[in-house]
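One chain comes next, on its own, written as structure tokens: the form predicted alone.
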Amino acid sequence: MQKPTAPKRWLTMKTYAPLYLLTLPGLLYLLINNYLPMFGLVIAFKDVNFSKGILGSDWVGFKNFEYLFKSSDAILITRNTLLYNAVFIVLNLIVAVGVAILLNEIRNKLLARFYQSVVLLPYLISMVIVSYLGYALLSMDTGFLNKTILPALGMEEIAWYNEPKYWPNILTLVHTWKGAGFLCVVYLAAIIGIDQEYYEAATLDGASKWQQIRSITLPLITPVIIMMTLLAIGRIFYSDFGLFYQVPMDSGSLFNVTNVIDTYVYRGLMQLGDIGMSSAAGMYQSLVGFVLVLLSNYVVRKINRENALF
């Protein structure tokens, strides 16, 4: 293929100059917000001394990472973080796709807008407010469950904030209730974008609604499902700090089932004040997430090349 000459390249650049100018703000934002902060990774390898500054502080190699890997709680917090996020990814996917399909079947536009708002509303509520809603429901002294529901069912009151066995289900329920709405909107947008001629042709062929969902809707939104799942896998080592810290009210008796990497590092940071350790934990989470995205994308690419992100 013949390479364009210099005058032709200049003409091309001149032609697309307005487009290049339009991309400039986005590129600057990306550079300032996403790339410049990466300089902070150097903190993970330093014994930060504020009097010396970040660059003048002493190098300590991987000593800051030892806090995570040599701790007796390392297995517990890693297990909690991974298992909770794995369950969240699967449940959110199933609930969000299911609700999106149901919303798409509502023909009354006013009702459809109302239900979409109801589904999305929990995503917009602060986790602090959610934690107090949970407290109003589960409190031993004034909680709605203990004072109304359980007595009506002839059951004894439960000290929810002292019983770890209930919290995996409670945290999963709260996360799904709060997070599935946003995913639902994404999947609903993908479903609405499907050409209606596919459904009309399937109806003429006598396909039932379930057959249309299985043969048209799900296959055509699969690329979106894979993209959203890969993004979620990339953050599988991150946890919703508000969910695991605010909702259980930082109850010490629940640490076995509520302690994850983020809350563990936060508590360590509050006790030790070591920003090098917290920076090391953040770098560890980012690297593992990046590797998991590459592996997941590789698996998807092996199964179906067209559905892979890259």
Partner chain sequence: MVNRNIESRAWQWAGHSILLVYAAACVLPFLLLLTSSVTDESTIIKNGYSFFPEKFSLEAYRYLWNESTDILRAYGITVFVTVVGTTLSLAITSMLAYPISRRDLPYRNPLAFYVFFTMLFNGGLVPTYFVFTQVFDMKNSLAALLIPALLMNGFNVLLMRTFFMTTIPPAVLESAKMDGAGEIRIFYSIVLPLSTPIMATIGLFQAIAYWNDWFNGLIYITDPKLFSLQNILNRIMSDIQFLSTNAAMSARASESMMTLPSASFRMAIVVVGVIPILLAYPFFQKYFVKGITIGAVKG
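Keep in mind that this is a model prediction, so the values were computed, not measured. Think of the rigid core as the biggest set of C-alphas that the two forms share within 1.5 Å after superposition. Numbering follows the first chain given and starts at 1.
As for the form predicted in complex with its partner chain, it is not shown, yet the points below apply to it.
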Partner-free chain; cross-checking its partner chain in the predicted bound form, the single residue of Gln196, Ser72, Ser126, Asn169 with a heavy atom within 4.5 Å is Ser126
(message) Does any part of Gly154 reach within 4.5 Å of its partner chain in the predicted bound form? Heavy atoms only, please.
(response) no
Practice task
Please run the contact check for Trp10 against its partner chain in the predicted bound form: heavy atoms, 4.5 angstroms, yes or no?
Solution key: no
Item to check | Non-hydrogen atom contact Val97 with its partner chain in the predicted bound form at 4.5 angstroms | outcome: no
### Message
Against its partner chain in the predicted bound form, would Tyr67 count as a contact residue? Criterion: heavy atoms within 4.5 Å.
### Response
no
Heavy atom distance at most 4.5 Å to its partner chain in the predicted bound form, all of Gly61, Ala86 and Ala159: no
Contact check, 208-243 vs its partner chain in the predicted bound form, heavy atom within 4.5 Å, ordered by sequence, gives Ser208, Lys209, Trp210, Ile213, Met227, Tyr238, Phe241, Gly242
Core-aligned C-alpha movement of Met249 between this form and the one not shown, 2 Å or more:
no
Core fit, then Thr258 C-alpha moves 2 Å or more between this form and the one not shown
no
(message) Would Leu30 count as moving between this form and the one not shown, using a Cα shift of 2 angstroms or more after superposing the core as the test?
(response) yes
Against the displayed form, Ser286 vs Met227 by Cα, in the predicted bound form, with 3 angstroms or more change: pair is farther
Quick read on Lys46 and Asp73 CA atoms in the predicted bound form, 3 Å or more from the shown distance, and they're closer
